[in-house]
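Here we start with a single chain on its own, the form predicted on its own, put down as structure tokens.
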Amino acid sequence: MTNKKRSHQAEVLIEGMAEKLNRQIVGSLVACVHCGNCTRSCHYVLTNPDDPTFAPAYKADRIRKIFKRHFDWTGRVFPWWVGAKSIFTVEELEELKDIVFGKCTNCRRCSINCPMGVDYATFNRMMRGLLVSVGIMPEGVAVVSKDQWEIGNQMGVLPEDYIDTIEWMSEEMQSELDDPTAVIPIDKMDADIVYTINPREVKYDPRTISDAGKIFHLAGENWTMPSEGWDMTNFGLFSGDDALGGAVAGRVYEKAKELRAKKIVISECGHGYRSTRCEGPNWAGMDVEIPMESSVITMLRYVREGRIKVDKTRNTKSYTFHDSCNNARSCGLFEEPRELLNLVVTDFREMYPNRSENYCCTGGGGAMSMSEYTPLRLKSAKIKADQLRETGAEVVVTSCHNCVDGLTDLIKHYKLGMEVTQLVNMESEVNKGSGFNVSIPRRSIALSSNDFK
């Protein structure tokens, strides 16, 4: 690609920045005092201590210099004084791509540790979106975004494959429960709950669908799954493409409205929960009247209300919990997963630091799709590996499919010998006359339908 074409891309990028700047972003761009608090909070820095280019303030300055040169008066008058600079060359644009996609998962740990309130992840996402708008992005980001635009979900699951999987899981559920009424309804009108999922569940882990189905059925829930608009994940969050974010979220809202559902329940996915419940209405420009909640909240409510009874003594392994960055830091979902986990296991071991201070699994920000950055991602995962190892737990539980993949990768890489599961994962077998007996699978469980009476 020629420098001339790159120069045009840079001009388009700068024009796009003018449209993206708002009070939050400008405030973060001008507020940094280079105190270094963010440096000590970043897992990339902690695993690459001798390389200053991983420091959040350094990475932010690569974006800040463009802002100062073109939009801040100090950069226009005294560019040499404030480090303002335009971008034009191939190398400069590639450096930006590597910084915003390869050296940051947008985990926001630096943001919550900044005394000046600088939210680096917000304007890092802005720069991702600007680069995407001019065609500069990792190949994996381009492929996944294309699938979500054109096919309707980020893993390219075809409509017939989705329906076939739901029907297959429904048949298995009926067989396991020996109950012909135990079905997974599709497009049921006026349901109290419409259940949306991560396409990873259809493609790689369909048991989570039937597991959720068992919980809804045993709780006596009036629920359904939609035939369309079922993908609550949203690569627009990772790519910075607000148009994609709005289109994907809008499909979920419109389908739930069409079915006259009373509530949208979001399966365990950190970025899906944040995108659908917290960010999606803004991206889509919609006033969404249907309430939304994580399935963690739903499951916990069933236990609290006595709709499901659990026996924690059936789970004998040791467990720890990993906070998804998007669930925890960005949406405040800290205590509910722990309450649910403590209701169903006897040996829970807290990970330190935790909650808003927890370290990223290193699979966030769409990193699992960017194969060119895998070696760097796994190197930075040493911080999380050390966290896991120190708990001494046999199983790490999380409420995020991205985190399942990220944790699985690093556990294998660092030979930790742990298992990874989500709160919904379970295995049950029918025991006629006495309900459901516990059966802990190789991929362990936290909540067990076999404990339901």
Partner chain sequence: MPDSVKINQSTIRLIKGDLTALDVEAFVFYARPDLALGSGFGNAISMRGGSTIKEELEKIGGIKSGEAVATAAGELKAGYIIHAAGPAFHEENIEGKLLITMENALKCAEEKGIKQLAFPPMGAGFFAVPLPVCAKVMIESIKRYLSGDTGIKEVIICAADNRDYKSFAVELAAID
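Residue numbers count along the first chain shown, from 1. As the structure is a prediction and not an experimental result, all values here were calculated from the model.
Heads up, the form predicted in complex with its partner chain isn't pictured, but that's what we're talking about next.
Peer 1: Tell me, which of L376, V134, L343, V90 has a heavy atom within 4.5 angstroms of its partner chain in the model of the complex?
Peer 2: Contact with its partner chain in the model of the complex is made by V134 alone.
Peer 1: Which of E172, D179, E221, E228 has a heavy atom within 4.5 Å of its partner chain in the model of the complex?
Peer 2: Residue within 4.5 Å of the partner: E228.
Peer 1: Does V12 make contact with its partner chain in the model of the complex, using a 4.5 Å heavy atom cut-off?
Peer 2: V12: contacts its partner chain in the model of the complex.
Peer 1: Under a 4.5 Å heavy atom criterion, is A243 part of the interface with its partner chain in the model of the complex?
Peer 2: Because a heavy atom of A243 falls inside 4.5 Å of its partner chain in the model of the complex, the answer is yes.
Peer 1: Is the gap between P159 and its partner chain in the model of the complex 4.5 Å or less for some heavy atom pair?
Peer 2: P159 belongs to the contact set for its partner chain.
Peer 1: Please tell me whether any heavy atom belonging to D205 falls inside 4.5 Å of a heavy atom of its partner chain, as the geometry stands in the model of the complex.
Peer 2: D205 lies outside the contact set for its partner chain.
Peer 1: Are all three of I266, E339 and F348 close to its partner chain in the model of the complex, meaning a heavy atom of each within 4.5 Å?
Peer 2: None of them does, since no heavy atom lies within 4.5 Å of the partner.
Peer 1: Among 250-258, 376-384, 210-218, 306-314, which stretch has residues whose heavy atoms lie within 4.5 Å of its partner chain in the model of the complex?
Peer 2: It is 250-258 that comes within 4.5 Å of the partner.
Peer 1: Using a 4.5 Å cut-off on heavy atoms, which residues of 135-149 contact its partner chain in the model of the complex?
Peer 2: Read in sequence order, the residues that approach its partner chain (within 4.5 Å, in the model of the complex) are G135, M137, A142, V143, S145, K146, D147, W149.
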